[in-house]
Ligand code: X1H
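As a starting point, one isolated chain is supplied in structure tokens, in the form predicted alone.
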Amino acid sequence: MPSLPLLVRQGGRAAALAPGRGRSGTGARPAGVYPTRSIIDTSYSAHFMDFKRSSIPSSMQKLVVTKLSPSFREAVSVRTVPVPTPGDAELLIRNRFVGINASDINYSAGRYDPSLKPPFDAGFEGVGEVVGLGLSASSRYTVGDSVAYFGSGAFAEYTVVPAKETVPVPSVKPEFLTLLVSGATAYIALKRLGDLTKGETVLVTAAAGGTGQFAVQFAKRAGCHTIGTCSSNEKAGFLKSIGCDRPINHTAEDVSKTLRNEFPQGIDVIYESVGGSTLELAVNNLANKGRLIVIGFISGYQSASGIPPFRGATLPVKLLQKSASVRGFFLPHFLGDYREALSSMMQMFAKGELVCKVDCGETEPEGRFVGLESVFRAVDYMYAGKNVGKVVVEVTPAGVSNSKL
């Protein structure tokens, strides 16, 4: 069986080579013998690799973990590499926006997969345009389609992603990016582990952050009384705007005292992402049959161990006395729920029923997070607790080509 034509670059564009022919494609043919049509002919391939008259460059930048460290700046380097070519069932995506997650530094520290050794690519989620695709992937997508994805290697100007792991979106908006990890975590965790009942009280820690904003809204949609901790009056105002019944600015009031005074019967469900002393406070304020969902412990991620100190010697007693429970949630363990969650959230957003707050660092002295190298600033910004909503970096502004040809 003859091999399929090979797509190669010629002058920044792609050209198809039929089997048994050289690059020039010039050579006398016997009379009456005509070349077969390539599956990807020259006219199509020029469009295939030349989206909106912006030739795909031969090289690009991406962020690579070159050293295991909880310090993102120490662990990650900017590398110039060839732009990858999509395989048969893959898409080549020009990233427009990428999302920053607290777990980015857990990944760069090698905590998720100890067998993974540097160098490896960084970044979990992106949204952008399809600028190249394989033959079987073309049954679902075409050049110019807007897609979002949740997978490794997002911190790059271009990323190759299996078509089956992408989600079509109406447009390249950063709001869709907020749903991929942050929104999905809140949606699935509360649905599967929260067992929410109308009239219950729900406490969300770091409520004005990327995932906290969604936990507040989903708890409110379930008919619960929502409480959210935050670190500024600005964040408290944002929480009120998305329906939080009782924002608590922990820099201005004692959270433990507030909870004891205003909610003496305890809290039914706690969505907790800070860890350490905040986790201790959460345990101490659980109601009878309360459910504490641990989705992370960001207060310890920058330490050598990645785990903040926690005084848990009396935890079994406290849980037993209240018939309460502590439940851990890690999104990759619930991928069977992912499609439904994403579809539901996108419908809510389209109907104006879900706020997807994005923070691109507009108030920063150095300006918005634009360009791949600003990922470092964005990570620092999030860990300084400055963000209101999901931290997002604009990798490639609309209408701007990063062609080097």
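In this text the structure is predicted, and so the values were computed from the model without any measurement. The numbering used is simple: start at 1 and walk along the sequence shown.
Omitted from view is the form predicted in complex with this ligand, to which the following refers.
Comparing 197-205, 147-155, 289-297, 74-82 against this ligand in the predicted bound form, the single stretch with non-hydrogen atoms within 4.5 angstroms of it is 289-297. At the 4.5 Å threshold, heavy atoms of N106 reach this ligand in the predicted bound form. For the chain shown alone, R111 is a contact residue for this ligand in the predicted bound form, at least one non-hydrogen atom being within 4.5 angstroms. In the predicted bound form, at least one heavy atom of G306 sits within 4.5 Å of a heavy atom of this ligand. Although the partner is absent from this view, F330 contacts this ligand in the predicted bound form, with a non-hydrogen atom inside 4.5 angstroms.
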